[in-house]
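Next up: just one chain, as structure tokens, the form predicted on its own.
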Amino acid sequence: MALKTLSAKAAAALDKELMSTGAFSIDQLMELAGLSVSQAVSRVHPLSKGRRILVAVGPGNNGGDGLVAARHLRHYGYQPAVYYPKRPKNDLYQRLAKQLEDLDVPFVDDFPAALQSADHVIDAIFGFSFSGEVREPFPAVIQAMAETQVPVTSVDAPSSWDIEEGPPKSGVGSNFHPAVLVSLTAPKPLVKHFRGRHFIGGRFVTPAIAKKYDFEVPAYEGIDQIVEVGPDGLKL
């Protein structure tokens, strides 16, 4: 059974529908997405492997998911640090950053330097809406993640990858292959190029929405917000 995926266009339409007829706020969706990312990180990288988590945060919703994940990881006992070079003036993102500051989570300016002392990295730079060229200061960050031996978990999409076609053929991100991917709501077509551990997260989609967009809601267990799946989409 092939893994059913959501195109970038369908994912954007689904998000819009969740926030209209679905009655979710963007805050709720971001909270649930970030919570699922934090659970995936804690699953693949338990505290015994090291507490220092470096979170690379972009300026959009993907970055917001990363900020939420950092907060939950701090409460789990990890020591997150956040690289957030392009902070939007939007009230939502400012509140998420303030919540981290109140927990004494440091914000770092030098990503390569912070990477040298990290045990795990969260790539929350670009999500399913990414297209075009990677703009500064992110090319060097993505290159650093591609070259490091530190395991990287990407949120929804490895940053720089085309949502349909996967890694670029050349240039920034062409050699970036994260260890873990957390697909939010449903996998995107790029998963056919991904070879690491793959989780689906976001336990909020109704059966009616899943049917409309033609994908399956995985069988989440207990209080888990994530399900690990194989290349065929079957639960591991």
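For every residue, the number given is its place in the sequence shown, counted from 1. This is a predicted model, so every value here is computed, not measured.
Same protein, other form: the form predicted together with a further copy of the same chain, not shown, and the subject of what follows.
None of 115-123, 132-140, 155-163, 92-100 except one has non-hydrogen atoms within 4.5 angstroms of a further copy of the same chain in the predicted complex; the exception is 92-100. This chain appears without its partner; in the predicted complex, the one residue of Ala210, Val191, Leu32, Val172 with a heavy atom within 4.5 Å of a further copy of the same chain is Leu32. In the predicted complex, a further copy of the same chain sits within 4.5 Å of a heavy atom of Gln39. In the predicted complex, a further copy of the same chain stays beyond 4.5 Å of every heavy atom belonging to Arg52. Residue contact with a further copy of the same chain in the predicted complex: Ala179 places no heavy atom within 4.5 Å of it. Taking the partner from the other structure, a further copy of the same chain in the predicted complex has a heavy atom within 4.5 Å of a heavy atom of Tyr76. In the predicted complex, a further copy of the same chain lies within 4.5 angstroms of at least one heavy atom of each of the following residues of 22-52: Gly22, Ala23, Phe24, Ser25, Asp27, Gln28, Glu31, Leu32, Leu35, Gln39, Ser42, in sequence order.
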